[in-house]
Structures are given as C-alpha cells and as structure tokens.
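One chain is shown next in structure tokens, namely the form predicted alone.
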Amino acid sequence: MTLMVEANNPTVEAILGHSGEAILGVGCGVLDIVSAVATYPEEDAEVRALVQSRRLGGNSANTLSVLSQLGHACAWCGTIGDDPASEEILATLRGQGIDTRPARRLSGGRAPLSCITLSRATGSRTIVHYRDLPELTAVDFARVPLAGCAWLHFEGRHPAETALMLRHATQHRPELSISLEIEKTRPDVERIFAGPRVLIFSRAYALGQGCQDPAAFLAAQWPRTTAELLFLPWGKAGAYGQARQGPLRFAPAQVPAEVVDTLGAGDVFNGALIDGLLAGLGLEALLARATALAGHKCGRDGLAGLVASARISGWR
C-alpha cells in the first residue's frame, strides 16, 4: 500500500477556521453495517433483518460526531483506504462538519468494516469486525501540526506508536489537554497511561483486568498514570470518576423506557465528557450529564440527530 496525504497538512486552525477551539480525534474510522433482528439468532439459524443501515463507526469518529453536534469544531486523524467504503466514511464525516484532511489515505487500502447484529429484544449488539489496513503511525501523526488545537482525544490502540504520538504532542504542546480511551486489553497498553490528562477506562477493560469493584480498580490505576482525571463508565450500573487525590464520584445510569440500540453509547459518553470538561464542569455534573446523554442514545437508533433529540427531552 502507498501512503497518500489527504491534504497539504495545513494547521488544524487553518482547516477549521477556529482558533483554540478545535478538537482533534485520533483513531479508527469504520463502516458499520447494522442489521436489527427481533431476537439474537441461535447458531446456524437463518433470520430476516427487520431493518438494515450503514453507519459511521469507530470510537474516535463516533465521539467526534457527538462533539460536532455539540457545536465544536472537529477534525479526524486516522488511516483510511481509497475504496468505495473509505469514500463513504469520509463523506459521512465531512457531512457532519468533521474535517478529514489530517487523515492518511493508503492507496490500495480497504476501509475497516463491522457487521453488527442488533437485538430489538434487548438492545444488545454483537460485532464482527474486519480490518486489513495499517494503523496510524507516529510519523503520520507528526505531519499534523497541532496549532489551534484545544483538545486531543486518542483511542488506546497500537500502544507502541500511540506512546510516540503522546510524546510528540506533550513535547510540542505541553499545555494541550489530552484524553485517552482504554477500551480493550492489548499487549503493553499500560505504556500509554503516561501523557494524557484524562484516562477513560471501559467496563470491558476493567473486567478484563479482574475488576470486582470499580472504586478499587480506579484506586489501583493512580500509580500507573500521570493523568489528573480517571473515568470508568459502568453501563446500566452508572459511571465513576475521580480526580487525583480527590474523592470518588458516581452518577447512576439513566436508562430509557425502552432500550433500542446500545451501539456507540460509550462513544457518546466520551463526547459528552470532553464537552463538559471544556466547559469547566465539576466531576458530579460531568458524570450526570454524560450518563444522561449516553442513556438517551440507548433509547434511539444511531447517532444522527442525537443531541437535538436529547435537548428536546430536557438534556442540557
């Protein structure tokens, strides 16, 4: 595969036309093919989908989608191919006001694809993901100037390269706020705990580490990180947050009357969290606001129009 630059690497400020307000998300862009079924099928069954949709996927891409709806100038940096699915991903991002020019295009590359089965009976989702595309490298990331960037959000993938990206960002913009989502247990993922201001751990990661008690899990992370804030969303059991040397805070989940679609709820939580941090909210308000928006998302399909819908329902 041959590397092709999406643009001529202008600064994020120049791309977005904003100074000091841009959020740059670094991570995966995916095409999701979502099939909703009445109930999850048994092995070797053949069932008819109630409805099927094609959606933007990928943690950072979804988080940027939420942040764009919340009024932030956003840009996405990741690798993408030049096949029709890649064009669909880029067009969807641009249609949501997210600038894709920091992205790295790979000639001959194919977009990552997720085939998702969504159970209407429970709202749960089962994902089969396929990726045959190189990850973003630190050299790629270093080509994106960070001037005009107010927040940098990473997915916790490819730890060796992400560690170098974090080092680059902290060396060139030491004042820049950086958040990092740790979604999965990956070899050496702990090496990227140093550098971000904010660490967001997923429930899946915590359970994979043998977590029995969210409070104890967060307490055990402080010696391993330089972060100032730790967060641990815990699904329908709520979410936890803690500042260094501060008390543990908790917000209960706000479960909708009917759980329709849980896909991307964690990404929604992250977007609301970053928005609240930029607004200077305290921990309790942050957690309550993020769990409320994530809960609202679980009661509706997809992310399109999410924030407008939530505001109509009273979310602020």
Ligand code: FRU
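Keep in mind the model is a prediction, meaning the values are calculated, not measured. Don't overthink the numbering: it's just position in the shown sequence, from 1.
The same protein has a further form, the form predicted in complex with beta-D-fructofuranose (FRU), not shown here; the description that follows concerns it.
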Q: Using a 4.5 Å heavy atom cut-off, indicate which stretch of 259-267, 41-49, 272-280, 286-294 touches beta-D-fructofuranose (FRU) in the predicted complex.
A: 259-267
Q) Looking at Arg94, Arg191, His129, Arg197, which has any heavy atom no more than 4.5 Å from beta-D-fructofuranose (FRU) in the predicted complex? A) His129
Q) So which of Arg224, Lys184, Lys236, Arg173 gets a non-hydrogen atom within 4.5 Å of beta-D-fructofuranose (FRU) in the predicted complex? A) Lys184
**Q.** Close approach of Ala85 to beta-D-fructofuranose (FRU) in the predicted complex, 4.5 Å, heavy atom
**A.** no
Q) Are any of the heavy atoms in Ser202 no more than 4.5 Å from a heavy atom of beta-D-fructofuranose (FRU) in the predicted complex? A) no
Q. Heavy atom to heavy atom, is Ser114 within 4.5 Å of beta-D-fructofuranose (FRU) in the predicted complex?
A. yes
Q. Is Gly27 close enough to touch beta-D-fructofuranose (FRU) in the predicted complex, meaning at least one heavy atom pair within 4.5 Å?
A. no
Q: Look at the candidate spot formed by Ser65, Ser68 and Asp99 and say whether beta-D-fructofuranose (FRU) comes within 4.5 Å of a heavy atom in all three of them in the predicted complex.
A: no
Q: Let me know which residues along 55-75 have a heavy atom within 4.5 Å of beta-D-fructofuranose (FRU) in the predicted complex, or say none if there are none.
A: Gly57, Gly58, Asn59, Asn62
